[in-house]
Ligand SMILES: Cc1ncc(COP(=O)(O)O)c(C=O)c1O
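Below, in structure tokens: the form predicted on its own, a single chain.
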Amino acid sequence: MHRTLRQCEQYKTTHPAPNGRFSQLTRTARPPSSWSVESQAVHAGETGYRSAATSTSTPIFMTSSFHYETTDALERVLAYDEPGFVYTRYGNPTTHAFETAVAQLEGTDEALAFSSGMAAIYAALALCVSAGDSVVASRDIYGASFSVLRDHFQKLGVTPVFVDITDLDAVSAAVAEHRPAAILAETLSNPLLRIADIRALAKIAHAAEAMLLIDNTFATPLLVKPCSLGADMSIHSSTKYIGGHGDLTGGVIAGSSDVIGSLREQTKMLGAIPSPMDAWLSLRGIKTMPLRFDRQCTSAREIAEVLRGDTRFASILYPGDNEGPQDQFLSAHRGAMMSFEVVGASRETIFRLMSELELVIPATTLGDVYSLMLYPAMASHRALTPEERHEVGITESLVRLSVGIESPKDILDDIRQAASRALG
């Protein structure tokens, strides 16, 4: 439990600093916005823990609770009269440092961390909807997001309406008919890499008094900042590019102080919080994300171009420079994810191909330093029926590739040798 940095500063102008040992743990750095994103990523969330000696890196506050020199001091924090921390389910200095760094990169007031990306998706939807409401969602969204709407929220009386999110006329028609409480979309869809027009979706949503929730995991705030385009929440699985090393599970939502404040109160009850260790790993991952992601995006573009010239592969899905609204991207990159079909391949053929990989790892995640291949029909979209996958456009011969930081030549050579062995 803590106030925002701005609120803390306002409080300090009228109240002397208490003697409690944690009184200086609420300050976390937000570097000037004039700094490059690379410099912001290194320094955001840091330099706030000051004592006689200051650690260069944010410490891991591996504790469930905090105490103060007096009960009166504890009461002031619990009553929101003073900044501070009392219980890690309410807030933790390490987690707060990570949240501050995400808010810095997303250009929002605040951010709130969760135990996983799906915990963040659930929290975002739960804040918006109640029984009798509807949600308009992208038809080719991540399989677990599709399932949580179809299988869970529908049981709670919430009606999911799935549409082609790139067809703005279809979105407008669905919103006019169903008057949803929220629209849920992905900046770059998983796994078909379709680009959502966030600015246009925000206008449609807000005209109907609905909230716009954008899963920004594939794009990261290095490519797109959804809230600057009108979205109410920018949601991430920090397991992916933010953490970047395949060694943590987490999620995070960035948004306005009002939105994050409401989410924080909800999360205090639901308890889907990250451990301080995972928050620390996420904060550490942010520091190298601009370097990693630049390499991954550059390699992905190169790999996509080469695969387009290989007749064994078809439907190479990787966004081109002229796809989608160009002004919502912050650079020429279009991400480090791609999907493609293996010509004439059956499920068994795809299994053989993935078994023959030597450098690329067949695993059910993405965004790591490792290159990773996934079979959507088996993994990310397993919960969809074959008919639902067909309607979305996910075929039995489609694979998804998350490009890592290895040499693009080595990645390509591995994919081609595996295809040669599998296809004969």
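So that there is no doubt, residue numbering starts at 1 and follows the sequence shown. From a predicted model like this one, the values you see are computed outputs, not experimental measurements.
If you look for the form predicted in complex with the named molecule, you will not find it shown, but the lines that follow are about it.
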property	result
Proximity to the named molecule in the predicted complex, single hit among Ile350, Val158, Leu74, Met118 (heavy atom within 4.5 Å)	Met118
Contact residue in the predicted complex, chosen from Pro221, Pro93, Gly250, Gly335 - any heavy atom within 4.5 Å of the named molecule	Gly250
Location of the named molecule contact in the predicted complex, chosen stretch of 288-296, 182-190, 268-276, 168-176 [non-hydrogen atom, 4.5 Å]	182-190
Partner contact for Trp280 in the predicted complex: the named molecule, 4.5 angstroms, heavy atom	no
Contact label in the predicted complex: Tyr142 to the named molecule, heavy atom within 4.5 Å	yes
Exercise: Thr217 in contact with the named molecule in the predicted complex, heavy atom 4.5 Å	yes
4.5 Å heavy atom contact, Gln104 and the named molecule in the predicted complex	no
Residues in 226-243 with any heavy atom within 4.5 Å of the named molecule in the predicted complex	Ser237, Thr239, Lys240
